[in-house]
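Starting off, we have a lone chain in the form predicted on its own, written out as structure tokens.
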Amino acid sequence: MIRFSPTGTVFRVWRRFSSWSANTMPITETITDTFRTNELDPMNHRKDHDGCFYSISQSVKKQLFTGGGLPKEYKELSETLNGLSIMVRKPAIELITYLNKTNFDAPVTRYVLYGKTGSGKSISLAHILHYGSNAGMVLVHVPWVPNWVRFPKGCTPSVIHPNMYDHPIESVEWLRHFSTQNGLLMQKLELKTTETYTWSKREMTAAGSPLSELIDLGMNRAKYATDCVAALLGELKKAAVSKRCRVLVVIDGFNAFFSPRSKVQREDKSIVLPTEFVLTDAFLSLTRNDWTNGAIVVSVDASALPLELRESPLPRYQLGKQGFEHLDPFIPIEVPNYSEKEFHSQIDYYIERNWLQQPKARTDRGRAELSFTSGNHPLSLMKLVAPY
């Protein structure tokens, strides 16, 4: 039986692998607990923890990822295995090292994660989100930009910005996500608006109002939600510069902002470009390096663009001229396939959680076939060992 991966790779299914007789393949290898680390604080993760899993508590998972941030397959797997664990990998360690040494008085540094689809960029971003939360940073997180471009829940012409379009439903959801991630921190910081926002003849948010009022207005009045998001991002930028808070921006699928088309159409059936979204304008403003006391981490992925624009995973190709110039200068960080150590740690984790129960997975020969068949590609390996 043959299985095809999403990228077109052909590999034999694990069912064939499991058909080998245990009697003809004596077990020569056993797992140990060396694939786990007891260091649960991402701020302390370093090279010594490379290839090790660390556990994330249910409360932290609920705070950080209720509104998104974990790939669907990974989230479902963590629920099946009754616990969320993330592997500490070199890209995240490199990024954490940079963040720990950042001069926050200098203009914000932009970091771009890149790599093949399914190599683990979203999980690395989840790791960085946990780092930012533990570091006391205000999180500005977009779980997956293509959802706004390819699968909008209802775009409407902006009443404030001519020739621009709002995402009312998505904006309400994002404000709720922001509030869940940062609720307790925002209460402690007591940030206030620096200007007055007029929404209608009767409704306004006065200067000096708590930012929570801006957030609550957007969540309760979808009509104004998109502009509330834009106003909130602008206020956070100002607060960071004035050292009232430190901001970590994390955006997955950032290159979708520069996609040549979207699924939104005008009344005359012409296509609305992603750059014509108010949300795009707001987040592009936030990702400029014209402010301080923060950091910006984004990922680019081929699956964020149309099929004909997926030839290369490199940032220059994925961002296009406009996107590349917007982020330049930035620090590129590749998220590759598993190293040998990471591959064995992942197999050990599957075995320890009883997700992978075939005895052959403990043998050198069995693991060699899994490595060859999956190419050490994280998503392919996850699908290869999945039960039927």
Partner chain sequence: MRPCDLRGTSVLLSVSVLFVQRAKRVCDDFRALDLRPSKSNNMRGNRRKTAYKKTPVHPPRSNKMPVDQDWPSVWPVARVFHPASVPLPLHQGWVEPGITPPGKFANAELMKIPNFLHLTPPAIQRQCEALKKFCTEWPKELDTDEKIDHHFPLQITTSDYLHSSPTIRDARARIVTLQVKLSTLNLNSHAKDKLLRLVKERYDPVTDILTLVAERCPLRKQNIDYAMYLLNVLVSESWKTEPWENEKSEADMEKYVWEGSQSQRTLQQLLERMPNKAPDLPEVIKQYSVNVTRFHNEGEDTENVNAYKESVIKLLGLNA
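Residue numbers count along the first chain shown, from 1. Everything numeric here is computed off the predicted structure, so don't read it as measured data.
Beyond what is shown, the protein has a form predicted in complex with the partner chain; the following relates to that form.
J.: By the heavy atom within 4.5 Å rule, which residue out of R46, K321, K62, K341 makes contact with the partner chain in the model of the complex?
T.: The residue in contact is K321.
J.: Can you pick out, from G183, G136, P107, G208, the residue that has a heavy atom within 4.5 Å of the partner chain in the model of the complex?
T.: The option sitting close enough to the partner is P107.
J.: Give a yes or no for E195: in the model of the complex, does one of its heavy atoms lie within 4.5 Å of a heavy atom belonging to the partner chain?
T.: Outside the cut-off, so no.
J.: Is P315 one of the residues lying within 4.5 Å of the partner chain in the model of the complex, judged by heavy atom distances?
T.: Yes - in the model of the complex, heavy atoms of P315 and the partner chain come within 4.5 Å of each other.
J.: Using the partner position in the model of the complex, report whether W291 sits within 4.5 Å of the partner chain, counting heavy atoms only.
T.: Yes, W291 lies within 4.5 Å of the partner chain in the model of the complex.
J.: Counting only non-hydrogen atoms and a 4.5 angstroms cut-off, does F53 reach the partner chain in the model of the complex?
T.: No.
J.: Where, among 219-227, 141-149, 110-118, 256-264, do residues come within 4.5 Å of the partner chain in the model of the complex by heavy atom distance?
T.: Stretch 110-118 is the one.
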